[in-house]
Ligand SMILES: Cc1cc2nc3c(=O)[nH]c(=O)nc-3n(C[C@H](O)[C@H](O)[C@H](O)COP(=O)(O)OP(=O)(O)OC[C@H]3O[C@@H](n4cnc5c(N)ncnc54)[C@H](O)[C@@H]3O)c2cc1C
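For reference, the chain that follows is the form predicted on its own, supplied as structure tokens.
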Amino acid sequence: MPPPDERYPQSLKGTTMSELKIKGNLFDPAKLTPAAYDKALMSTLFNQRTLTQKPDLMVQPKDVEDVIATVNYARSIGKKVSICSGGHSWSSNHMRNDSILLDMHYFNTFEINREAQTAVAGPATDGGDLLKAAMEQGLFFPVGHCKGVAIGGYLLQGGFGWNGRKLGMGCENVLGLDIVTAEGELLHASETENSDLYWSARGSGAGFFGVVVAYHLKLHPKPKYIRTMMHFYKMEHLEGVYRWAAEIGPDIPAAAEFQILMTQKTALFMGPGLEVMTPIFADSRDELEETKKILNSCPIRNKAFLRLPCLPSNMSLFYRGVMAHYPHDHCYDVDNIWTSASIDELMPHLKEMGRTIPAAPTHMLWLNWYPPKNRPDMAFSMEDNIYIALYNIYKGDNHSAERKLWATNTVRKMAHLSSGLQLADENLNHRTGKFMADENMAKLRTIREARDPGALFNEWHSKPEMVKA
């Protein structure tokens, strides 16, 4: 693998600029109307909530030299730096006052090496596009479940993706990264080179202290059998469905992603209820049959008002199904917990969600995760047996505070059952909690102090010790 300076031939290390000059685009509020500047900022956001913080300048770098120039410029004028790869941060983490926003919009290309089963991809690469190209060559990568999610922030926070229970977190499949540091230096990070940055980039999310300009990824063979099974239940069967889910949780094969979606509009047109959805990625017929057997074990399966058998599927179908629940041009209040609480402890809260859940597309997602006992040593260090995420979705921002904060307030009531939260589905500007093991957080801070002593890069909206859950 060529060193970064050969892949990115010009280096601006040490340059201090009194005026930022780049080949990319500058969005300066001093030269734009407030409406035009807000429109440019909102274009970087999937969540359309009203902006409460705004950067002083937004930069869309065309190449690495533009990134280096912007980092050096921000440091020279005492401004912090925020980064946006695809804009799916629910908490709009890259929108910060007194900062310069790097929108990595143009870093959206990738190359696949079929023989080596690797890829090099920019942070703004759409995960769905990467997966489609990989599958056309008989390969696979655990990209995010939502269409349009760029790999940049997704991989930094960990990366819970398609077939991730078998292939591991997305960040576990990162072989290396090309990073622009707080000093404006272009470095490559891997297990053997700048390993502290490599460790930090896999799980720190918005707390990472550098600009990733390229990911080097490990790909896998495409699964032989891609299937899906779905059962639909009315809300009156909530307890029976969740008790069954808790019972089979430890036994679900890694090939299956067992999920339950609670909504006021099952199958997108029926009434309140539960959608039991299970994508399957099996590498053998035996694995497929074992998975089907467990998923067909529900003691109340005959009470489902609709049952779809194990059907051949494809990623386009999966993405359409997912995105039906995550519409564009909507506002989102999102929160989550990891838990190993018993079903008896969880049941009162599940029933309360069933009683109070607002109109669709708002929904709650239950995922039987049951992580492996051993993960690589990396910043990512927070997961548990069950994942519960609430997605409060509404059109427009003129609703009551109670309506807009349904997810946050509901999770607060069950925070005592939480072992932590996942950075992917958080709103740390509303509620925080533990999202990294204590020893990992301590190590990350030590590395940050060494790599970014001037605190050039913004961290998370809040840290666990700053706000009580």
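It should be emphasised that the depicted structure is a prediction, and the values quoted were computed from it without experimental measurement. Start at 1 with the first residue shown and count on from there.
Unshown form predicted together with the ligand; subsequent notes refer to it.
Although the partner is absent from this view, F46 contacts the ligand in the predicted bound form, with a non-hydrogen atom inside 4.5 angstroms. Using a 4.5 angstroms limit between non-hydrogen atoms, C146 touches the ligand in the predicted bound form. Contact annotation: Y198 falls outside 4.5 Å of the ligand in the predicted bound form, judged by heavy atom distances.
None of the heavy atoms of F281 is located within 4.5 Å of the ligand in the predicted bound form.
The three marked residues, G164, P223 and P253, fail to reach the ligand in the predicted bound form, with no heavy atom of any inside 4.5 Å. Contact with the ligand in the predicted bound form, defined as a heavy atom within 4.5 Å, holds for exactly one of G176, G273, G184, G87, namely G87. For the candidate set L428, L41, V59, A424, a heavy atom within 4.5 Å of the ligand in the predicted bound form is found for exactly one residue, namely A424. The stretch from 394-402, 132-140, 341-349, 77-85 that comes within 4.5 Å of the ligand in the predicted bound form, counting heavy atoms only, is 77-85.
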